[in-house]
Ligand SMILES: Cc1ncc(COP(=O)(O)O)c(C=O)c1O
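What follows is one chain in structure tokens, specifically the form predicted alone.
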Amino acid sequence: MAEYSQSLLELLEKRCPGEIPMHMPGHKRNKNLAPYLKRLSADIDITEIDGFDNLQRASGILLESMKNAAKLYGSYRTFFMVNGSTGGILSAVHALTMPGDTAIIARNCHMSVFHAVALRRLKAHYIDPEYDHNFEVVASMSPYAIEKALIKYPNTRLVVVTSPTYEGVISDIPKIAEIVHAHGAVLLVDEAHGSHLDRSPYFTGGAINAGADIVIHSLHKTMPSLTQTAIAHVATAKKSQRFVEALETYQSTSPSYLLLASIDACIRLVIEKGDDLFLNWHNALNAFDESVASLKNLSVLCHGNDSLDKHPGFFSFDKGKLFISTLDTDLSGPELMDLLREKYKIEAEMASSKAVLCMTGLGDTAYNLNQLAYALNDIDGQIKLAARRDSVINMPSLEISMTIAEAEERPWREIPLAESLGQVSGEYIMAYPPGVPLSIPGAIITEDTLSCFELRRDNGVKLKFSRSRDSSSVAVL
């Protein structure tokens, strides 16, 4: 790597000031044109020009940087992406299937998986993961549930699972991969929330060296990289070629070099200083655990007085996630999120009906986590204990009437949501984040579906409908 030992950022800073850019983008690296251009580093904002390689067919500095990433992660090939993990999911499903193939999809997959299923016109069968009623979260995906589905659908080409989940639950990927390959299928793991896994002894359970065929990482979610940066890890040469071809369909042909420089710099940082950074993160989380051990009303999943062994449905857990339950209190999730924001200046990641998710990352400090622990203890002393409601399933099973692709091409009409029981949905309906659909085109709207809508709406969680004008109506076929 001697020729490209400098980072991409260093090359941008060296080359850009001394050139007259007679190419796009239109700001022409003129940071003095407007204040926002200076703030956004427009003076080094380019796309693919001579000397900076070509992302889709890398052979120079980008290829060397991706080789660095592959070595760090222990993958056969690693690819940089600027369309987020969504672009990677779309490309991976495309690369691993042919139109009309059969796929087994974990029910808790992100919207991008369902979009990929539609684009490839796949015949999808959706499998519910196990469920943890103590915190009302999806648990790990059972390897035996996948094996049962593979026996039932012997022509399955692709299996897709999410691990870790949004809340931090990790599945037994080595066992799942063994089963999937024994049945002649391939395994895609959406590990968007796990780009930090297996980079240290403190955060483990990653999928790259566990047998997955393709693993997708949202680098920006937990690592020090800019929003929208992602990487993909592919297990073989043949699959790598198919993935490159798919990326040309789903990724921009004008990639931002600010984003690419961020990926490159992030990888270099972890190689050079990762041991210390991960240790600091681990220590800050341990201190947080000690601080929240005295909570009496709120509870934090697998932190404080809660632990992994209290959740038999979990194969493992990512301690970087702080999922705060209000199930035993008179506080809703959105109310807790508002309180953290307005009184303590803490912006959480997401609120569900009776919980708040706070994400930590490599950039967190002991101060950040100490402030969150202080806020939770302060709130805990002010709220009232309340009788816990009967446990509810936050994610209804899907009863499929037709494929997503077929449903999207059918005529649809909008009716009151209250009159939709038994109808076939003509749209995606979800709470975002996390972006896991509650219903999809082609699924029957059941009593469980409507109960999930009502539960979220009554607790202040906003639902997103892909076709309807507002949450009081729904598109049906």
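Small disclaimer: the values here were computed from a predicted structure and weren't measured. Counting begins at 1, following the sequence as shown.
What comes next is about the form predicted together with the named molecule, which does not appear here.
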**Prompt:** Does the named molecule come within 4.5 Å of a heavy atom in each of 168, 199 and 281 in the model of the complex?
**Reply:** no
**Request:** Would you kindly say which of 291, 83, 142, 102 lies with a heavy atom within 4.5 Å of the named molecule in the model of the complex?
**Result:** 83
**Prompt:** Heavy atom within 4.5 Å of the named molecule in the model of the complex: which of 360, 75, 325, 112?
**Reply:** 112
**Message:** Within 4.5 Å, heavy atoms only, one stretch in 339 to 347, 83 to 91, 248 to 256, 309 to 317 touches the named molecule in the model of the complex. Which?
**Reply:** 83 to 91
**Message:** Taking the named molecule as it sits in the model of the complex, is residue 52 in contact with it (heavy atom to heavy atom, 4.5 Å or less)?
**Reply:** no
**Asked** Does residue 301 reach the named molecule in the model of the complex, with heavy atoms at most 4.5 Å apart?
**Response** no
**Contact flag, residue 233 vs the named molecule in the model of the complex, heavy atom cut 4.5 Å** = no
**Asked** Taking heavy atoms only, is residue 176 within 4.5 angstroms of the named molecule in the model of the complex?
**Response** no
**Complete:** When the named molecule is considered in the model of the complex, the residues of 177 to 215 having a heavy atom within 4.5 Å of it are 190, 192, 193
